[in-house]
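Shown here is one chain on its own, the form predicted on its own, set out as structure tokens.
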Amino acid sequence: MIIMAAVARLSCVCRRGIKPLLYQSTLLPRALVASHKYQDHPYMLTARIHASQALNASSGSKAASLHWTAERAVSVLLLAMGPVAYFNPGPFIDYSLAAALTLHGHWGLGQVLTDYVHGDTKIKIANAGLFLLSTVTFAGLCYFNYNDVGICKAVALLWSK
């Protein structure tokens, strides 16, 4: 579906007399600039990009940088927790996985909301729903860890059958 939208957008641009570099024979990485046949001015192929209001440059790039670093740290932590959970399952790893998975999902869905939800009221409702979903997810995983076998042993049980 995304590819179809990109092709439709490129075909629309091509009808206007702009030849995008994606249709040339070489696929070398370069800027997406092409000249009109009868003019010397290059035209940039651009798309409208929505920036997050909370992480805008005017709100402080230090906070955005720290948030980006924290997202990457949690992703790397989740990669490292897989082997640890396999070789050393236990309550500490179960609750750590519950927290890290919930935080990773919360931040990922938050970025989806930032990209696709527009309008102040809609953003507030979507963020409230996201916080509710993340809270219920974390509480459910903690409940599962406390009252059942835990995340690590549940995955091991799924693999054993």
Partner chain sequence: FTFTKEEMNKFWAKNAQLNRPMSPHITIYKWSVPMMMSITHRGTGVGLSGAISAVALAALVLPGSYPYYLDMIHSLYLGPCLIALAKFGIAFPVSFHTLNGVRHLYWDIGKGFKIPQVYKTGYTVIGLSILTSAALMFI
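These numbers were taken from a predicted model, which means no experiment stands behind them. Positions refer to the first chain, counted from 1.
Here the subject shifts to the form predicted together with its partner chain, a form of this protein not shown in this document.
Although the partner is absent from this view, His118 contacts its partner chain in the model of the complex, with a non-hydrogen atom inside 4.5 angstroms. Residue contact with its partner chain in the model of the complex: Gln111 places a heavy atom within 4.5 Å of it. Using a 4.5 Å cutoff between non-hydrogen atoms, Phe92 does not count as a contact of its partner chain in the model of the complex. Interface residue remark: Gly129 is not counted as part of the site for its partner chain in the model of the complex, having no heavy atom within 4.5 Å. Between its partner chain and the residues Ile125, Ala70, Ala99, Leu133, the one pair within 4.5 Å by heavy atoms in the model of the complex involves Leu133.
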